[in-house]
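In the block that follows, a single chain appears as structure tokens, in the form predicted on its own.
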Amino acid sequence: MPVNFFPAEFDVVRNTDKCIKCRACERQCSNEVHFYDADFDKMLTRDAQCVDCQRCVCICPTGALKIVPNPNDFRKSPNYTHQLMIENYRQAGTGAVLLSSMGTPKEYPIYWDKILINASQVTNPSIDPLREPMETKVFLGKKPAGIRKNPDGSVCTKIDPYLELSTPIMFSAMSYGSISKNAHESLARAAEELGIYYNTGEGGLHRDFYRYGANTIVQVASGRFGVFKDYLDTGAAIEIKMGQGAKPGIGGHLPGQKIGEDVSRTRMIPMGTDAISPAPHHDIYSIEDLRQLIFSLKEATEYTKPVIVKIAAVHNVAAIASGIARSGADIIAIDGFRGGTGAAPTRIRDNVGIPIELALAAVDQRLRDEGIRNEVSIVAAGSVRCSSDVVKAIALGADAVYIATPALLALGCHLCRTCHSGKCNWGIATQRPDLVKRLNPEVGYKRLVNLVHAWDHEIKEIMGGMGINSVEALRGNRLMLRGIGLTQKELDILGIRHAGE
């Protein structure tokens, strides 16, 4: 019998007085944690297989279940933590790279929580968003530097292509394959109703969703999965993915078990084969190469769509963004290291990259110093968790934000961090038909609409309290922010003062 070197991470606790042995938990658990023992006429559990997705707890009709962390622990060591020991045991048993999903659970500083928002009082009165105009509409793309004249002296009204958002929030890139068709439909329908955009990610666009093209950002990643003329023409904008916050410097990997018939057709790859995108674009090794791709995509779509370049937040991100701004891109998306992912090597997810707050402030300041801030719009991503984070991001210099994990939470995600397994019990990060159907897109898209409407209302309330009546007046307005518990260096990078100053 093989030796198990580590205990189960969770204990599934069942109240036998409440349990009616309906076996709903057994039917609902894709990890086969629950099973019925006919000899003892009772429900039993395989605790080692539990991932704490909470599906059984939520579905139990009598409230008989709860999942708790297993209190059993190894001998304490500040150097070798319980988690590190388990990870070493796993790698010794498999010889494989550790994979993880969602954002890092490590206790790094969360700068959003160390930034406070200033409020108006007397000399700069607050604004009541219920009774006075409040503008959250934003336009993403190049901003004209001034009035331009035609050769005949008339005013030139032609402007570069742009995106118009009803509120400064978009749904971030999540590929078809990493998430289900029902999840994609929920995002697409919500984006259409809200007047915003959702991003296809690197998995191409399912034919059923071409009708949402006016609210779709199509992504071109290093693997070029699903990229062809109709795909580019369908989207409202094109995003070149150079990097991702959860895994800077590496490509993507979608296991073959997730490549069914529909995903195969959409990605244009054989069924059952792993979809591995390389770390670099093999035609991009310089800003000049990037510029060539940007203009190739613009040429292919007759210069009718803005081009976004997505980069991971890394230590030299300001210099990189400066080059991208000069390369012809219309929008730069910056993805911080706490952003979620369907799958990433654990060591990279937890140790590579920098926080979006610091990267965003550094990029905005660099572009302002160089006098090219209006040449591009900036979209911040990577752990934008709530409406106050949106306000702080815009005040630090963003034009808009991407959200992904909050959108998944709205669809029912419980952050169990096992997306890479393909066994999502909530029908989101899975391609198994029996699991996919658990997410009803009719319900899902309405919940997403509710979430963004709620955030939009809170953004207006916060802006009103600041005495600001438009997102444009908030953009880069760092005077309205104050830090608390930050070092002087952190304050300098963020470009804000300490609370009390």
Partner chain sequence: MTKINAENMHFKALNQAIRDSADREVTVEGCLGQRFIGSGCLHKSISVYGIPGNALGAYLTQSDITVYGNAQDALGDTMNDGTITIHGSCGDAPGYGMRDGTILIKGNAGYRAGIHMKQYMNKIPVLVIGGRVGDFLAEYQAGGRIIVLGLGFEDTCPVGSYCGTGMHGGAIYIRSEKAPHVPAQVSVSDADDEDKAQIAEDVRKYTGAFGGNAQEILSAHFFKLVPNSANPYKQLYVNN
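The structure presented is a predicted model; accordingly, all values stated were derived computationally and were not measured. Positions refer to the first chain, counted from 1.
Omitted here: the form predicted together with the partner chain. The next part is about that form.
Novice: Could you tell me if all three of S322, S387 and S470 have a heavy atom no more than 4.5 Å from the partner chain in the predicted complex?
Specialist: So, no: the whole triplet misses the partner chain.
Novice: Using heavy atoms and a 4.5 Å limit, would one call G213 a contact residue for the partner chain in the predicted complex?
Specialist: Output for G213 is no: heavy atoms all beyond 4.5 Å of the partner chain.
Novice: Does E87 reach the partner chain in the predicted complex, with heavy atoms at most 4.5 Å apart?
Specialist: Yes, E87 lies within 4.5 Å of the partner chain in the predicted complex.
Novice: Using a 4.5 Å heavy atom cut-off, state whether G223 contacts the partner chain in the predicted complex.
Specialist: G223: yes, in contact with the partner chain in the predicted complex.
Novice: Given that the partner chain is not shown alongside this chain, does F228 nevertheless sit within 4.5 Å of it in the predicted complex, heavy atom to heavy atom?
Specialist: Yes.
Novice: Sort through 71 to 79, 352 to 360, 308 to 316, 285 to 293 and report the only stretch with a non-hydrogen atom within 4.5 Å of the partner chain in the predicted complex.
Specialist: Only one stretch passes the 4.5 Å heavy-atom test: 285 to 293.
Novice: Within 4.5 Å, heavy atoms only, which of M134, A236, L409, L99 is in contact with the partner chain in the predicted complex?
Specialist: Selected option: L99.
Novice: Looking at Q83, N374, N150, T304, which is the one with a non-hydrogen atom within 4.5 Å of the partner chain in the predicted complex?
Specialist: Going through each option in turn, the one that passes is Q83.
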